[in-house]
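Quick heads-up: it's one chain on its own, the form predicted on its own, in structure tokens.
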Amino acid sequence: MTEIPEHLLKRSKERRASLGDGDAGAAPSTATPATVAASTPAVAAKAAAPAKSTPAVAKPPKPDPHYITAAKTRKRIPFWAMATLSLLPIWGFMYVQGLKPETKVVAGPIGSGQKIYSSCASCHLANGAGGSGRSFQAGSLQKTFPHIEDQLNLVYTGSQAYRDTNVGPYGDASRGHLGYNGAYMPAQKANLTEAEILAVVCHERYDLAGVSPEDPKWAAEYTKWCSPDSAIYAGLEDGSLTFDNLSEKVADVLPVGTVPRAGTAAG
């Protein structure tokens, strides 16, 4: 048997002592056996640390189409300009209205007659040119009725009543008017009051017939019957005057009446 050198035995003994595995002659060790990981702390720390992941590189965003870019970069209309533009339609409406001529408000019987006449326009047309009824234009109405009282009587009673009672033509007999186009003027006594009949007759005589109320031939009639200050119109409205008592209460007027009567010629 080969003898082991002393220095090798000593080294082996020291090695076992450092590993806690001494020989029988060595004092027992109370230290907790260390693990391999504990004997190498750098390795253990490296193992315990989470592995670093390489961050993903984000792809650059896709560029916007040219029309989107144009919409994003063009200048916006200021807020105050939007408010101003929203008022333009109102301003335009007011401007146009300001250019229109002011509507003349007509008072008295003619003003009322303008509204009532719509029920007559189906026969005589809106401008009085005539249709299924006679024309009022070019002074023809005043030629047929040189006195307004005769026209009032016709409108109240209707022209067929003249035929049925054998009174003959209404108004100026020389005109020979009775029926027209095989039809008769319908009575308005059931549709209009006596004040409304005067109102529509005034509108026909001084708006549609083309006769001026300033004409010396007609100025007195207009003032008495059709002016805004007409006492006859006011009396018919409040009931103090009627077609039957007019000539008794008002001077220089012909009887109107509520039954057909012979007309009067110009004079």
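Everything numeric in this text was worked out from a predicted model, so none of it was measured. Note that residue numbering begins at 1 and tracks the sequence as displayed.
As for the form predicted together with ligand HEC, it is not shown, yet the points below apply to it.
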Interface residue in the predicted bound form among 84, 132, 174, 193, criterion: non-hydrogen atom within 4.5 angstroms of ligand HEC: 132
Location of ligand HEC contact in the predicted bound form, chosen stretch of 196 to 204, 232 to 240, 61 to 69, 215 to 223 [non-hydrogen atom, 4.5 Å]: 196 to 204
Contact label in the predicted bound form: residue 91 to ligand HEC, heavy atom within 4.5 Å: no
Heavy atom of residue 165 within 4.5 Å of ligand HEC in the predicted bound form: no
Residue 186: touches ligand HEC in the predicted bound form, heavy atom cutoff 4.5 angstroms: yes
Non-hydrogen atom contact residue 111 with ligand HEC in the predicted bound form at 4.5 angstroms: no
Sequence-ordered residues of 147 to 178 touching ligand HEC in the predicted bound form, heavy atom within 4.5 Å: 151, 154, 155, 159, 170, 177, 178
